[in-house]
Each structure stands twice: as structure tokens, then as C-alpha cells.
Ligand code: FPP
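Below sits a lone chain in C-alpha cells, taken as the form predicted alone.
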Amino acid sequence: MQRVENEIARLIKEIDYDEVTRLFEMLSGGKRLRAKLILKIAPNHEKAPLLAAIVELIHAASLLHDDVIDEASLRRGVPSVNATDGSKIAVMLGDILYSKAFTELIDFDRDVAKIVASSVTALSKGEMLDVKMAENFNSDEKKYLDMLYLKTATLIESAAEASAILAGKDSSQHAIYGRNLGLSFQIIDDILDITADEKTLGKPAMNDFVEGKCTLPYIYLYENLNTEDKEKLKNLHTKKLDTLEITWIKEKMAEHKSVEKSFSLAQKLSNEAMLAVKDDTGLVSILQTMIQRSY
């Protein structure tokens, strides 16, 4: 991982703009899940740390744009760039990171470069779908999962698939692993948005629903409510929730086991991912750690 951090620092330095360096240093590195995944799959390939750095730059760029779209003031517990320096700067910084990442992809074989580049198109499409879906209350599970795949899982899928090609491993099985890891990881995040506190999340709790996102627990809750309560839930959509409204949602979710049903799907996807790479204890361990995050 230190080699990955060194590669990231080198790429940022090569941009040769002090303002970019300053702003990038403000960003929290996060879990580096995608980088760790690449290193686990292709630990001995000389270009694995560079590929990991490229994917992390892409991920950072997508988060910068995501914060602007969501008008988020916090990212991983620290002020977002759009909050400190404005949305224009945040968008341009994201564009610079995307461009630098694509420039570095030229050093890789065509198949590897195309897999990663295509995932950026998919995640951008997923971001747009997410914005459009937030305009109205969404109760369609398939529609939500399709968006989740594009917005979140594709970059993890591409990281796993591309690094498997580098290592000469079964890329299709590793793609299944990455896809399901990405989906289950985000579903757990959706659950934590409801069950965890602001200090743990690094952002306000239950913020997804306020922003217009109907995540799986809300979709499953809606399915089980009576007509009157369905209307009540829809009326709370995108509204700044008070204590009584938060309590009502949580009580109804507990009654109908909406969170447990969401976790069951995350567990099912995780199990499918484990089967795809069952002989790789390192990759199985990543899944087990992810699925065991407290909720």
C-alpha cells in the first residue's frame, strides 16, 4: 500500500499545480478498498501499484463530483472541497484527476485500459441515474440495484477484472467477485446510513432519504406498509426529518424487518462473490470484513 500511496503522490506532483496538491491533501484517503483489491489479486505484478493509484484517482474524482451534486458539506468526517473552496473548484479538481488517470492508463495493455475506462463511463451514467431517480420516490428494487451497479459496483468490478488480467487469473470470476463485493458494500453503507450515528458515518445520519435517495431499506419498508403509511413515507421523501419522523421510520423498519431484509441480500451477494474466488483466502477475508461491519 505504501507503493500505491507513493504512486498517487507522484501522479499528483506531475500535475505540477500547487493548488491541486493542496486540495488533494485535504481529501481523506478512505478505506482504499479498490487499491487493496488490486494488490490482493496481482501482488507480484510490477504495474499493480500504478493501476491501484489510477483507480483511486478515479474514485476520488467521482466523490468530488458526487459531493457537488449532493451539495454535501462533509466527506468522511471532514469538510468537502465544495464546502471549503466552492463547487466550481471541486468539479475542476475532479476533472483533473479523471484526466490524469486516463493519461496513465495508456501505459497498460488495451484490455486492461478499456475495462477501467469503460467503468468510468458506467459510473458517470449511474450518477446521472441516481440524480434522476431522486426527483421522485422510487419503490422499484430492480431499478435501484441497476443504478447501484453502475454508480458503485462497476469500478470495483473493473479493478478486480483488470488486476486478474495482469496476474493471469480468471478475469470473469474475479469480475463476478468485484461486482458482488461492490453491490453488497453499498447495501451495507445504505443500512449504516439509517442505523449508525453521525460520528460513525462522518455525515448526518439518515441523510440519504433527505437527499431523495430511496435505498433498499426504504424500498422494502414501502412494500410492507398500508396505504396510509405509504403516503406518509412518500411525503417525508426529501424532507428534513424531525425527531418524531425519524423515530416513526425506524420503528416501522423494525416492525417490518426492512434492515434485516436488506442485509440478507447483501449477505447473498457476498456469498456468491466468495464462491467465485473460494480458493483465495485474502479475497474471502475482504468480503467477511466488509459484511461484518456493525449495523
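Everything numeric in this text was worked out from a predicted model, so none of it was measured. Throughout, we count residues from 1 along the sequence that is shown.
Just so you know, the form predicted together with the ligand exists too; it's not on screen, but the next bit is about it.
Participant: Just to confirm, with a 4.5 Å cut-off on non-hydrogen atoms, which of 220, 98, 108, 137 contacts the ligand in the model of the complex?
Facilitator: After the contact test, the surviving option is 98.
Participant: Which listed residue (195, 171, 124, 87) meets the criterion of a heavy atom within 4.5 Å of the ligand in the model of the complex?
Facilitator: It is 124 that has a heavy atom within 4.5 Å of the partner.
Participant: Could you tell me which stretch in 40 to 48, 259 to 267, 60 to 68, 237 to 245 has residues with non-hydrogen atoms within 4.5 Å of the ligand in the model of the complex?
Facilitator: In the other structure, the partner sits against 60 to 68.
Participant: Residues 75, 120 and 186 are flagged as a possible site; in the model of the complex, is every one of them within 4.5 Å of the ligand by some non-hydrogen atom?
Facilitator: The answer is yes: all three residues contact the partner (heavy atom, 4.5 Å cut-off).
Participant: How about residue 179 - does it come within 4.5 Å of the ligand in the model of the complex, if we only consider non-hydrogen atoms?
Facilitator: No, residue 179 is distant from the partner.
Participant: Can you name the residues of 142 to 159 that have a heavy atom within 4.5 Å of the ligand in the model of the complex?
Facilitator: Heavy-atom contacts within 4.5 Å come from 151, 152.
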